[in-house]
Each structure stands twice: as C-alpha cells, then as structure tokens.
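Next up: just one chain, as structure tokens, the form predicted alone.
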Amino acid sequence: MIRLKNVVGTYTTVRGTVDALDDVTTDFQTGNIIGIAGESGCGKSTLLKLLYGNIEYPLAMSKGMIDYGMKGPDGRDITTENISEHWFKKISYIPQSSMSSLNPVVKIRKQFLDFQDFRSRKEIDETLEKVVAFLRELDLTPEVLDAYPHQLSGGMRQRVMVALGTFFQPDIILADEPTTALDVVVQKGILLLLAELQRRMKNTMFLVTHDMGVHYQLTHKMVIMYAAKIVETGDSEEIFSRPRHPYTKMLIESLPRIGDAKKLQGVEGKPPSLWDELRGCRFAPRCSRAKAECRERCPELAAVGNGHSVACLYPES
C-alpha cells in the first residue's frame, strides 16, 4: 500500500495561501494502474507533485504524511524528505508537455546518460546498448539518440519521455496527462505502451487524464477528485457500473455512447473557489440530491463495500 494520511498541499501566492489538496487520507493498492479524474483545478497534479516529492516554493506539504511502503538500497524507509534521492530508480514522473520537459539544447543521448554517474567509457557503452534495446521495444530507432527534441515529432518526443521515465523500471510511475496535445491515433499508441510497460514491470502507475473513456479502458482502480478532496475511490469496473457519488455519476454520464441519440448533459454550475471558507459538502451547490445537512456537514471518505469508498452523506444506491 501507498498510504496518505491527512495530507494538505498548500500554495503560497501574493493573495495568501490556498489549500489545493485538503486533508486527504486514503490508501493506494500497489501493482495497479490507478486513474485520477476530476475537473481542472481539483488537485490532481498537486497530488502527483506531492507523491513525487517535487515540493518547491510556492508548493508545500503543510500537513500530513505519505508512506510509500518502500525502502532504499541503504535500508532506510523512503519518505517525502528523501524521495528525490530515488527519482527514476524507485519513482518517476512523465509530464504532459514533452517539449518543455526535455532540454532543448541537449541531444537525447546525453539526456539518458545524465541520470547516472559513470566511472569508465565501458559503463557508458554498456548503458547505451541497453538504451538502444529499450528504445526499439518502444518503436523508436537508435537514431533518436542523436536528435535534439525539436527534431522529433510530438509522438516521438512523448515516447522518449516514457522511455526516460521507465528505463530503470521504477516501482511507481506518475503519468500526468501524458497524451496532451497529441492526435487520437498517437494518444492510443502512447496509452497502450504505458499499459504494456506497467503489465510487464508489475509496478504501480498513477494516470491523470480528463478522458473517462481512457480510465474505463486502462485503469484498475479509480480516484475521483473534486475541489481539493477525494470524493470516491474503488475498482474501476465497480465505479463505472455503480458510481455512488453524484459527481462521479455525472462524469460517467457525460461520455458519448454509440447509438445513444439523447442530448448529453453537462454538470451545471462550477466548482467552489478554494479561497472561500468552505462548509459542508463542496459539491452540494451543484447536486440535485443535496439536503440541508449537506451544506453544513462535510462528508468523510467511508467504505460502502467491495473496496469502494465514497464521501457523500446520501450516496447513490
């Protein structure tokens, strides 16, 4: 298990501080593809940054703890304080923008070699042989190593990012909208590649995407977020067949279906401002099932059976 307990992710701005991740407590079962879904600004990327230990101003983990359930080569527990020592080896991050993530003035070859300290030319040559073999598995030719990022197509750059993030077979992979700005054919290739790598390496992958269809096809577990809170978790099949939170149900019902001629309905209204003092359920103003109690009492994430948990006072039956 990867366990989060009372985690708060806070950003400092000229206006003050705001909690983009608010008192999150949950467990993630390892060895799965875990999908994270929710509207923009709900805290998905902040959650991944905290898991990765990429905690720099203006972001801070102002409260809580993360237990990765892993130890480093020295036998010490891996924590948010030392997780950066294990980047790429134990945990890796695949960002959504390959063009801004790869160094534009350095060839791909050097970007692979920069991850390690080499003591001899022989070590470098042996590593490059392994890199070439790995690139071929990802449908990339060895010539990619001699290219600069701008000389590659968007799909090739994203495959390079996947290769960089998975070359050392890390225990945890964090993929933050890894197919943004790619056409649908290339998107499918990248997503199937990630799924195959996870199956082969038997590691844990967190996949952030707005596309609920992708979550249905690829993920084993789901996490639904709303306004800095986790509102539902469970097996993907269970959540899609029987969503218990009204927000989750609305997200799933927004998916187009072949042969369905009825007009799709969006979720009316908009999420609350995190700057406001929030009371009760944060989804209550947009929820047709909300009662007076919902506007006064904030629901906690509670089990509803079959590994399924929901934060709702009146969940769907």
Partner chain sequence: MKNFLNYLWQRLLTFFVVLFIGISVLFLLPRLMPSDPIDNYLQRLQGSAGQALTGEQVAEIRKALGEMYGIQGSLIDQYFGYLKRVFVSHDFGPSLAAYPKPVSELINLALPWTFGLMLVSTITAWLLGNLVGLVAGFFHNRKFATVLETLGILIYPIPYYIFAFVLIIFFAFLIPAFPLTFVVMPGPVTFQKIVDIIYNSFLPALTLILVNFGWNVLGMKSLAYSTKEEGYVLYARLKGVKPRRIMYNYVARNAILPQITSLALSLGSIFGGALITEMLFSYPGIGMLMRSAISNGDYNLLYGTITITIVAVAISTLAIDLLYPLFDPRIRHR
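Positions refer to the first chain, counted from 1. Predicted, not measured: the structure shown is a model, and the values here were computed from it.
Only in words, not in the display: the form predicted in complex with its partner chain, which the text now covers.
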Non-hydrogen atom within 4.5 Å of its partner chain in the predicted bound form for each of 103, 150 and 161 = yes
request  = Indicate whether its partner chain has at least one heavy atom within 4.5 Å of a heavy atom of residue 117 in the predicted bound form.
outcome  = yes
In the predicted bound form, residue 199 touching its partner chain (heavy atom, 4.5 Å) = no
message = Does any part of residue 76 reach within 4.5 Å of its partner chain in the predicted bound form? Heavy atoms only, please.
response = no
message = Please determine whether residue 111 contacts its partner chain in the predicted bound form, using a 4.5 Å cut-off between heavy atoms.
response = yes
ask   = Between the options 30, 26, 62, 54, which residue brings a heavy atom to within 4.5 Å of its partner chain in the predicted bound form?
value = 54
remark   = Answer key: of 72, 142, 189, 95, within 4.5 Å of its partner chain in the predicted bound form (heavy atoms) is 95
Partner-facing stretch of 240-248, 123-131, 215-223, 86-94, counted where any non-hydrogen atom is within 4.5 angstroms of its partner chain in the predicted bound form = 86-94
